[in-house]
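One chain comes next, on its own, written out as structure tokens in the form predicted alone.
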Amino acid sequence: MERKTVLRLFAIATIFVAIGFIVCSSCKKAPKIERPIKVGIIDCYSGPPAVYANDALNGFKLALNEINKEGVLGTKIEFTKRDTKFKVDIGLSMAKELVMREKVDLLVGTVNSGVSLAVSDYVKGEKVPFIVWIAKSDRITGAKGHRYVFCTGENTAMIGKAAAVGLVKKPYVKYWIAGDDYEYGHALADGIWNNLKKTKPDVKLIGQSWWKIGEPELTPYITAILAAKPDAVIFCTGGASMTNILKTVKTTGMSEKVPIFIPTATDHAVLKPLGPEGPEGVMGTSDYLFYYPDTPANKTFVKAFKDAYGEPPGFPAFHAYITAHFIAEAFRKAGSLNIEKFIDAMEGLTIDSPVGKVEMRACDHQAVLPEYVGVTKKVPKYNFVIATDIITIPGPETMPTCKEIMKEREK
């Protein structure tokens, strides 16, 4: 064999050896996790709020089925859940149990804003990430926000801006506000009224009514509100009273006598249990609707959810679904189970979702989501009322600025 040929073959062999060395070196450096990623879920699986918690749980499980097919850093995501029973003390106790006894890597949940704030305060000291997926108090990622808490759902500040967009063009001047007497109810009322007052200074708040969480008989409140003759009524109710207030405004005929605005009243999780008896003409907001936008991504998500659970997803399912994908992508980006690296990876992370790309804003750990303002109506396609005349408000337009958030945290 000629010398030139030998040298050429030697050179080629050297190149392949070098490439093999590089590849093997990369393989050795690739992260290998010896245990599953552990997620602790705290949510209310008892009473009326359970409809939201179970919807969220199903959305989370659907996402994990997708994620675990490929895996994350060579392992899978597992979860353990606990029932908060819609009580702050029980929710906090369950969070501590999951962190200290179950040794979870992070916590997710819950439908209750009071529970979320208490758990957020706890994880701040323990340096354990907590991702809130349903509770909506803007204090969670606003005034009380910190490095270890995130939110993948809308908050009351975002709802407030969306509500103002929906109400500002209406001729209503005299308003009455009523709702659940707890953190979420009051935060929601403040968010809506402050934004409405800012955009339409001539509006007047002529009265307020607040009832205990889960109070069964709301008719006396409705009677008193109607007697005051407001131009419109804003109900600030959470999971414990939402179905009840919708039933009451229908049975008392209130929805036919005065315009009504109820945030999240246009959501499927709220309206489906009422069936065709759901009230028409109620204005509301939501950051997810299974029938809107009518895009391939949303259709795929809805079909997968219906195939798995027999019904379309509500906003809690959407929130939990993207929560799981944020977790998976953040750990992949972090390259390990190191919590500080996970948090760094979450900040500014953008994922694909059924409603398009969703960013986890770095400054306040709040997901940037669109808001949909609509009016309930019966349509032939469904045996329950849905949102119609939908107005889409892009995520960045619904959120306080980072400067405003930091100012709130300094108070």
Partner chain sequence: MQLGFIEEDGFQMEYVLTFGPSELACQLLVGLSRSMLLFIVTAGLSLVLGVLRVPNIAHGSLYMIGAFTAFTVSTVVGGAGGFWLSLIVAPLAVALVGLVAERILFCHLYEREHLMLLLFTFALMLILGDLVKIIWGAEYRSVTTASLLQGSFMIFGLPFPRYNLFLLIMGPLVAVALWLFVSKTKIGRISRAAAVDREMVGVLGINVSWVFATAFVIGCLLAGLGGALIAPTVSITLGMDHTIIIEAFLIVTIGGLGNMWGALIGSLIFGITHSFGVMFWPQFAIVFPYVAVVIVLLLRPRGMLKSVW
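Values in this document were obtained by computation on a predicted structure and should not be read as measured data. Residue numbers count along the first chain shown, from 1.
Just so it is clear, the following notes concern the form predicted in complex with its partner chain, a form of the same protein that is not shown.
Trainee: Within 4.5 Å of its partner chain in the predicted complex, heavy atoms considered, which of L205, V168, A297, A143?
Mentor: It is L205.
Trainee: Which residue, E280, E215, E97, E126, has a heavy atom that falls within 4.5 Å of its partner chain in the predicted complex?
Mentor: In short, E215.
Trainee: Would its partner chain in the predicted complex be within 4.5 angstroms of a non-hydrogen atom of every residue among V173, L196 and F261?
Mentor: Judged in the predicted complex, none of V173, L196 and F261 sits within 4.5 Å of its partner chain.
Trainee: Does G284 make contact with its partner chain in the predicted complex, using a 4.5 Å heavy atom cut-off?
Mentor: G284 lies outside the contact set for its partner chain.
Trainee: Quick one: is I339 in contact with its partner chain in the predicted complex, heavy atoms, 4.5 Å cut-off?
Mentor: I339: no contact with its partner chain in the predicted complex.
Trainee: In the predicted complex, does I67 have a heavy atom within 4.5 Å of its partner chain?
Mentor: The answer is no: I67 has no heavy atom within 4.5 Å of its partner chain.
Trainee: Contact with its partner chain in the predicted complex for W210, defined as at least one heavy atom pair within 4.5 Å: yes or no?
Mentor: Answer yes; at least one heavy atom of W210 falls within 4.5 Å of its partner chain in the predicted complex.
Trainee: Just one of 284 to 292, 324 to 332, 217 to 225, 126 to 134 has heavy atoms within 4.5 Å of its partner chain in the predicted complex; which?
Mentor: Residues of 217 to 225 come within 4.5 Å of the partner.
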